[in-house]
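Next up: the same protein chain in two forms, each one alone, written as structure tokens (structure 1, then structure 2).
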Structure 1
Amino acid sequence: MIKLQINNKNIEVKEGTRLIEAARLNGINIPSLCYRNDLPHYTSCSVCLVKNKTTDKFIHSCSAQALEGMVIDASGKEVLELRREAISMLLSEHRAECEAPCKLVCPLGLNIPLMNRHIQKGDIKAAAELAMAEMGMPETFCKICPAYCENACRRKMIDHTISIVNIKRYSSESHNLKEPLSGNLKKSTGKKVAIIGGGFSGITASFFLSQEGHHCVIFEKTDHAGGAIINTLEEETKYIFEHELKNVLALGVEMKYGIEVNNDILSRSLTKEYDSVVISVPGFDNLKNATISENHIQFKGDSMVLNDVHVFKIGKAAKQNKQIIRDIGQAKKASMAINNFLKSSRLISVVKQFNSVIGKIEDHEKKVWLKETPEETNRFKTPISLEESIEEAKNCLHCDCRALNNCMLRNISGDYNVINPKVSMYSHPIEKKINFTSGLIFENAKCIKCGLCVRLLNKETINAGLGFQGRGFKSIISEPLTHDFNDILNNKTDILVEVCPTGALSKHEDF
């Protein structure tokens, strides 16, 4: 056993232990993208850098061994800055997007590629439930939205956009959800939330907060829900709204009509009876005795404290938007922060997740995504049947990353507040290689050349595996020169995908 110090903590480990393991065994996290303790190792990503204070040098903790008397700084300012630089270098070669453009521009963040995959499989129920869970009132809100998703659809670079709105509408209408999403409901927190205003923003907040187990009561001064905009909608949209409103109320939301809340009622009554108050309508700018919170949920001044109770502003009460769908999207994001506060008593604004950008797409790269679509298929602008919806959904390019929720590079970029580099280094063309035997997909433009996949199968003798080709910045991971990608890696596909720290290696959903 040897003794050393990491982050001023005295520790004792076995001789021969790598520094990264010595730290992790003692509750000190040092990140890495190229290291696994069960595989042969060589230094690649440089994300695990630490400072050896005994020599005043920076070293890679994944390769360096812990030595007697070492004094290691694993989280100082210099160390963190070097790690950011290392991550930025990796991103400068990383030509990929975490989120599909259609999802990014959707004010409510609907996972449109996933919805399309459900529809492709004929699972209309799953598609409809996804839309409801992520939007609350999907049919109504899509009716009042100018279809940002279709404008951003990458398919239009090749021919024309996917009919996202209509295939989503068909799935919602044909499934015709008659019950709320009870399977998504969390256990009751015992917290009560008063929501002032029964317009779209207030209803949205009540939907998402109720799903998290909070009891919501909406106070609406008129005799109907939906706010002033409801009178401008077509009769069909009004009918859809009434149907979807019933599903929201079925979550346990109370709607109290004919009650106009003023500053006095808010101060004397609501702050005494409720754990939190949410204002979704303008008119409460000068609350007497209210203290503006130093923290906020999205915009400065949208959180305040009145009688020791937190009061939040959402929708038009927080910021005026030209498009009401923007208010609704903002209400959803705000609800996430309010939910976190109600559960933890900590007011933390919703942090936008890191999203890698792909940069300019060359003409010869645009058809890469077509590899996952049928060579011959029909297009339907307004699908009126399951078959037509499936056919149209099959044309979706699925340009979202399959490692969206478990990409280590994305997570570490967010943790270290790294932004997308303005200048790219040598970048590989956007290309997809698909093994139609195993379903393995390889995208070199996403690869950070950590070599984990190479080392994982370096003793494989039955099937040819991946290896390095070229030198320096131009080196790539590739199949052997004597093999086709369809002829390699026909087993152990799942563990290859699992070991990849990005979405460079993934598996097609049909396998």
Structure 2
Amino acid sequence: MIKLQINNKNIEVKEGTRLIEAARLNGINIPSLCYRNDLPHYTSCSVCLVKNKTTDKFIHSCSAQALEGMVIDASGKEVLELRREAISMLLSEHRAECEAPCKLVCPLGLNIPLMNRHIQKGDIKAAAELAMAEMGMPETFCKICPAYCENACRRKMIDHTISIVNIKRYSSESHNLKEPLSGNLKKSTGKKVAIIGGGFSGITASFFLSQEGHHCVIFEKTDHAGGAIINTLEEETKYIFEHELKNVLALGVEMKYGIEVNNDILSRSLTKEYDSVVISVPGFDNLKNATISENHIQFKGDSMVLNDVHVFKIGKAAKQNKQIIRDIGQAKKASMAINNFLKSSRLISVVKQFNSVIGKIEDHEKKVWLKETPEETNRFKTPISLEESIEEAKNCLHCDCRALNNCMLRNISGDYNVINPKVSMYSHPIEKKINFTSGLIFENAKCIKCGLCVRLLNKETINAGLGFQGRGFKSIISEPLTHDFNDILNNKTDILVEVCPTGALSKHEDF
């Protein structure tokens, strides 16, 4: 047995144990990207660095053996800073984006590329359910939105934006309006929430909170929902709103019209009868600290506590936005934070996930972006029917990364609070290789050169797989010079996608 110290903790491990394992066995977490305990170590990513306090040198804990008498610092300031720098360097090589730009700018964060994929396959129901689940009132809200999504659409940089609003409208219309959706209701939590104000923000909060299983009661001072703005809308929109309101109320939301809540009612009755109160109307200026800042979904200071009950301000009550859709978006994010609070009784900030960005795309990159779209299109017209919408959806570039929910690079960048590096250095022009037999996709610009795929394949008996080519900054993963990407690895796709820590290796949805 070997005795050593990690983070001032005395540890004993078997001879030959790698430092990272020694630490993990003892509850000390060291991150890693290029290491897996079932494969030989390779020492590439350098996010596992620790400091050997005896020699004052930094060592790669995934590969260095635990040696007798070592004194290791696995989480000091210097160590964390060096890891952060390693991550930042990996990101500076990373010409890729986690979320699609359209989704990022949508105040309600609608997963537009996913919706487009459903529509493209003709699965209109799935598309409509997705929109409903993420927006509450998908049709109404897009009507009052200046369509940020279309403005940010990546395809706009190539030829013309995807007609997101119309695609969504003509596909939802054919579904949503006929069949009310129940949403995906969770089991009741037994918690009761009072919402002051039946405008768009209040309705939004009630939608998301009741989906999470909380019982919501809305107090609206007028005799109708939707606030003052409703009167300015076109008849058609009003009609849609009424319909969508029914869907929301169908989740069990109670709407009490004609009740104006003032400070008195708030402190005497609401805070006594409810587990939490959400204010979504202006006023209540005496309650200062209850806002939830928009971007970070972080509680600004403490929320207001009245009679042991937390009072939150959302939507317009929190901040007056120029565009009402932004209030609604804020209401959605705040609801998620309130839900966290109701479940845990703690004010946990909902940290925004890291998002790799690329900015403007270069001319030579366009053909790569277009690789998965139909070659001949007549797409300049705006779709005005379901059929046309399906055709148009096919032109979506699917800018979102296929690995966005299980990407170790993304997670570690978030964990270490790394911001997108100022400087980018791309070793190769971006490329997307698709194996049309197995659906394996390789995107070079997302590869962090961790070599896991190569090591995994070394264990398999195959004639030709993936390997490193080139040297130094120019090194890259590739099929052999003697083979075509289409002719390799036809039955290894799943294990490769699983082993790749990023979205560099992924599988096409059609396989």
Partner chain sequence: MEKIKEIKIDSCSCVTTTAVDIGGIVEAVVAEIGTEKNKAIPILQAVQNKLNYLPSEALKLICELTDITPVQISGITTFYSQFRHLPTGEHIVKVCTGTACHVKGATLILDAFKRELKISEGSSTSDDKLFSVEEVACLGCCTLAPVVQIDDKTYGHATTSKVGNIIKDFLNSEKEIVSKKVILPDGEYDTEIRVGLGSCCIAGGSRDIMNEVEKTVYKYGIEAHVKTVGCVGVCNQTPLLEIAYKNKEPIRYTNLTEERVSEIILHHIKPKKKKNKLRTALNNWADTFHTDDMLFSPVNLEDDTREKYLNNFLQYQKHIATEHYGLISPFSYDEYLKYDGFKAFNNVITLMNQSQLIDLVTESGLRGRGGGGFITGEKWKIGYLAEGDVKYIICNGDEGDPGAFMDRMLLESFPFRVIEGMMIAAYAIGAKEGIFYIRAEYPLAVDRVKKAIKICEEKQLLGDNIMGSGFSFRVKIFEGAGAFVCGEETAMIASIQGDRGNPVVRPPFPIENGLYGKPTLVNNVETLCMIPWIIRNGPEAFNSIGTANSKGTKVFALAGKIARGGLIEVPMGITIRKIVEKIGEGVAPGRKFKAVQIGGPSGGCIPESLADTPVDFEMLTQLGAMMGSGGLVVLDDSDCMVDMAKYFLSFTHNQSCGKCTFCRVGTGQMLRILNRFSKGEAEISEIDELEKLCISVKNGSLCGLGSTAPNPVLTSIKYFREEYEAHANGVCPTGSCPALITYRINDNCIGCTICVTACPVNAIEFKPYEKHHIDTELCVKCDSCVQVCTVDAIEKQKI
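Counting starts at 1 with the first residue of structure 1 and goes up one by one along its sequence. In this text, the rigid core denotes the largest set of C-alpha atoms whose superposition between the two forms falls within 1.5 Å. Note that the coordinates shown come from a computational prediction; the quantities given were computed from them, not determined experimentally.
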Checklist line | Form predicted on its own - structure 1 or 2 | finding: 1
Next item on the list: Superpose on the rigid core, then tell me if the C-alpha of residue 12 is displaced by 2 angstroms or more between structure 1 and structure 2.
Entry: yes
Note to self: Please state whether residue 26 has a C-alpha shift of 2 Å or more between structure 1 and structure 2, with the rigid core used for the fit.
What the structure shows: yes
Next item on the list: Answer yes if the CA of residue 52 moves 2 Å or more between structure 1 and structure 2 after aligning the rigid core, and no otherwise.
Entry: yes
Notebook entry, point to check: How much does the C-alpha of residue 387 move between structure 1 and structure 2, in Å, when the core is lined up?
Noted result: 2.7
